[in-house]
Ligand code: KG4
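In structure tokens, the next block holds one chain alone, the form predicted on its own.
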């Protein structure tokens, strides 16, 4: 039996997790949400500095709660990209230090693939599968041949779906991060399918573009400025909003519908092109959105295919998904040399593993 350490610092969440084979022994996650909410978005320098301060503390707390010593760790798994370069370097540097001091193997993990593979943490899944990653920084469709081999089929050309949620929330004067507030308010009203367009669907490709939808929301609010909250609250009173701003709930519901419907249209298009798919995997922070989940469950029912989502606590960036993905790679004989680089957002992640025989 092997013990795997997972380290996640790709953006603003510091995640540490310890797995013993398939069992989660301990997980630690420190969110910087309240810090960055002041600025309306993630400030990279602040994010990396907070990772640097919190990483050793979380690591020692995880060991203590697990009744483990550093020497008990068998494999160190770390997110090597994509993400914010400064944040990635903190996690990767910490992982390399552990590997050098303990003489343990290092497994660098593709953060995007780890999100998709988070569906496997609590479920047994048949492959090949069709995967959709929807997060603050990415919107991508994958053909997942198996837990190691991913084939990118489509991606966003501009804003990721999570960005579209947060920018729309900001237009409405909802607090950051706005996606969860839009989802909550959307459930208080029925959508108007004609309020906003379904962006970038009049084509035959599998790519996404949400900038046009964001512009449509801006134009609508410019014509109906009374819908915006007068000022951004530090804490949202949902019941009060329901009573005093029912049209705001309608806008959130209609926006959520446009996003969910667009995602389903593109994903279904991919499903029709790819033969032999046995499972549908929906992951990433936006996969916690309740309306999007319902739309994809309906799609699965339409094609008699199982739809898998990670548990909501594994939708956001976390150490468990990194340890899980690293474990899969290590069990298949893949490790990294100690000199691997961090890969920032916008650059492809190379499959540059060393193939070794597992001890």
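Nothing here was measured: the structure is a model prediction, and the numbers come from that model. Positions refer to the first chain, counted from 1.
This protein has a second form, the form predicted together with the named molecule, left out of what is shown; the following refers to that one.
None of 261, 104, 242, 180 but one reaches within 4.5 angstroms of the named molecule in the predicted bound form through a heavy atom, and that residue is 180. Residue 135 is the only one of 140, 254, 110, 135 with a heavy atom lying within 4.5 Å of the named molecule in the predicted bound form. When contacts are defined as a non-hydrogen atom within 4.5 Å, none of 48, 88 and 91 contacts the named molecule in the predicted bound form. Annotated contact segment (heavy atom within 4.5 Å of the named molecule in the predicted bound form): 282 to 290, selected among 282 to 290, 69 to 77, 149 to 157, 210 to 218. Using a 4.5 Å cutoff between non-hydrogen atoms, residue 191 does not count as a contact of the named molecule in the predicted bound form. Proximity of residue 315 to the named molecule in the predicted bound form falls within the 4.5 Å heavy atom cutoff. Taking the partner from the other structure, the named molecule in the predicted bound form has a heavy atom within 4.5 Å of a heavy atom of residue 162.
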